[in-house]
Every structure is written in C-alpha cells, then in structure tokens.
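Okay, so here's just one chain, in structure tokens, the form predicted alone.
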Amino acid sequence: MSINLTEDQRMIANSLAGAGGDWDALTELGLLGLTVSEAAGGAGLGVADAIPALAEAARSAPMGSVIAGAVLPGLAATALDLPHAGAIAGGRLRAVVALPANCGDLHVDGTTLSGRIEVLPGADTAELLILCLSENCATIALDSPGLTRDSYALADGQPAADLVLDKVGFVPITAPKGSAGRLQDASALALCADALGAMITIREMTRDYIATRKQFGRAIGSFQALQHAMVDIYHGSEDYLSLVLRAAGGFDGLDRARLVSAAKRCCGTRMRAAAASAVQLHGGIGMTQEYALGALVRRVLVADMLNGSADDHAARLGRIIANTARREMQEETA
C-alpha cells in the first residue's frame, strides 16, 4: 500500500520535506499556516488532509518541529478562535501548545497559574504558550515574570523544554467542548504520521541493505531467517500505514478516539519491535551513531513516548469497547 495523495497534498509534502524543520524556510514557503483558517491567512487544512502530507514528507525529513511549531498551534488557534492566528500563520509569532499529557499539577490562584508543564516540544524558542485543558484554556506569554524553562533535546534531536510556572499571569479562554481531547488526539496522530514516514524509510533501507550485504559469498537477504524478519517488518509497517491513514480519514467522525488509540498502540508495539528488528538486520552498522538508521528509529521511539504510552491507549481502547458493548446490550434489552 502507498500513501495516496491529492495533487495539493503532494505539493505540500514536497515543500515540507524540502524545508524540514527550518523556521525561515517554513515561513518563506507559507507552511506555518497550514492548519490556520483561511480567514486568518492560513491554508485551512484539517487533520484529514494534513496527516497524509506529513507522513509522506516524513520519509525524507523529520516532521517533529513542523508538528510542534506549525500544525498544532494552527489547529489550536483555529479551534479556539485566537487573535494570534494570523501572526502564527505569517511566522511573526512562535507558539506552542500544551495539552493534558504535558501537564502535571497546575494550580490557579485568581489570575495566576503555578505548576509544571513537562516535555513540551518546541517550547525552547516559543513566545506564546497555548494551554488547553478540558474546556479551560489560556494563553501565556513565555517571557512572563515567574516563568522559567529548561531546554533540551528529545531522543530524536527534536528541541523541547520543561516549563516551571510560579504565579504566572494568563489570559483565560472558554474553549468549545472537547477541544483538549481533539487537540491531544491530533498531536498523537501527527507524531504517528512522522513515525510512519520514518518506518517506511527504515523498511526500504533494510531491504536494500540485506540485498547487497554479503556473507559466505551470498547476499544475506537470501537467508531464510532474515527473509522472515523482513516480511514481519513489511507486514507490520503496512498495517501501521493503514491504521494511520484510517485514523486521519475518520478523525472528524465519532470513532476518532478508537482509531487514534489503535494507531498509537501499534506504534508502541509492532513499530518499536519492527524498528528494533531492522537494527538487528543491519548488524554492527545499525548500532553506530553516524548511520542514518539510528535517527529514524529514534523518531519511532519518540512518537511512542509522547501523548500517552501504548498501555495508556490500550486501556482507552478497552474502555471504548466496553462502553460500546454495554450500550448495545442496553439497546437490545430496551
């Protein structure tokens, strides 16, 4: 199966791949406004259109910075009808979105907020924090008194930061019902798309490597055990591709939570295992820091770690299945 893109999605994917995570390039190409509404000067893409383009672009370049700095802020600014949307789309304001998965104990005291926000990609250079927790959302200037940040890089090299808030002022926003959950799922699925692009490239690299690497006078791809391992990688990545694209297509429907959790759980189970198998098939070179495979594998690991673990999403799937069965039983007995 391939990622079937429209002409517009193909053009966006090619542009994203060429720009990578470079802010100036993204600004010049107008890509920072991908998910900002057209009324605010953006392209107005929804999740269903953005995810396939991200996955295709992710075959050539990591999309983590694009997701954190453009896709999520655009979705949040549009959903919350923020006055900052035009500045985000035009590259005049760097925004970052904090969601329930990032937040520990946050305490409101009148007009100030205290607590910690952790492992927030893009927060190292952002100027505006869009905080979205249930229907209680807010914006916070990241140069506010009482706010400190500890910047670092995630395992895949993507910049991030932890924020410590000590009586920091905020601007409250009343969000539409379900905004936080929708944005959390969009974040999870966008990183799944990045992992998908990385996984397709891993698969192709591994196929090419075992076809050319020789041992005992034969290409190692001719050994049956390695062929079986390669088949497992191929089937697993094809299943994952189907799950990610299905979740994108159904994101605006009633099955959003189930579809996203299915994709996220597959990322943390079958894709982690497939990536590890690819490293083994490469032998010693697969373990070296300089070889491209390692960076691709780390993108899969980061997509698994952020926005809830595989176990978290398995538990959510269990609740959804149980609730559906309970509802169907009630309907039958009514």
Partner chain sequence: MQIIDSDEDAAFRAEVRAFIQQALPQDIRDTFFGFRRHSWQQMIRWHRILADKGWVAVSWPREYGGCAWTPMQQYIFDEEAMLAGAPRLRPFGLKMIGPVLMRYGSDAQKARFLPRILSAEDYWCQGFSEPDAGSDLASLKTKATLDGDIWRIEGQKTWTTTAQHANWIFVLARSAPQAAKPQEGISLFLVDMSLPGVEVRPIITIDGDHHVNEVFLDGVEVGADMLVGEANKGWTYAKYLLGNERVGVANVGQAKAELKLLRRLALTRKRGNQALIDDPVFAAKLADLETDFLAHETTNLRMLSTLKPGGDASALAPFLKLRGSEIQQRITELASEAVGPRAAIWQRGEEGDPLDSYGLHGWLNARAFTIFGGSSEVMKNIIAKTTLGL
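Model, not experiment: these values are computed from the prediction. Positions refer to the first chain, counted from 1.
The discussion below concerns the form predicted together with its partner chain, not included here.
Of the stretches 176-184, 71-79, 122-130, 243-251, only 243-251 has residues with a heavy atom within 4.5 Å of its partner chain in the model of the complex.
With the partner omitted here, the residue from T111, S134, Q215, S114 that has a non-hydrogen atom within 4.5 angstroms of its partner chain in the model of the complex is Q215. For the candidate set A155, V164, V171, A141, a heavy atom within 4.5 Å of its partner chain in the model of the complex is found for exactly one residue, namely A155.
Its partner chain in the model of the complex is not approached by S60, whose heavy atoms all lie more than 4.5 angstroms from it.
Mapping the unseen interface onto this chain, T148 falls outside it, with no heavy atom inside 4.5 Å of its partner chain in the model of the complex. Among heavy atoms of A39, none comes within 4.5 Å of its partner chain in the model of the complex.
Taking the partner from the other structure, its partner chain in the model of the complex has no heavy atom within 4.5 Å of any heavy atom of L29.
Contacts to its partner chain in the model of the complex (heavy atom within 4.5 Å) from stretch 51-68: none.
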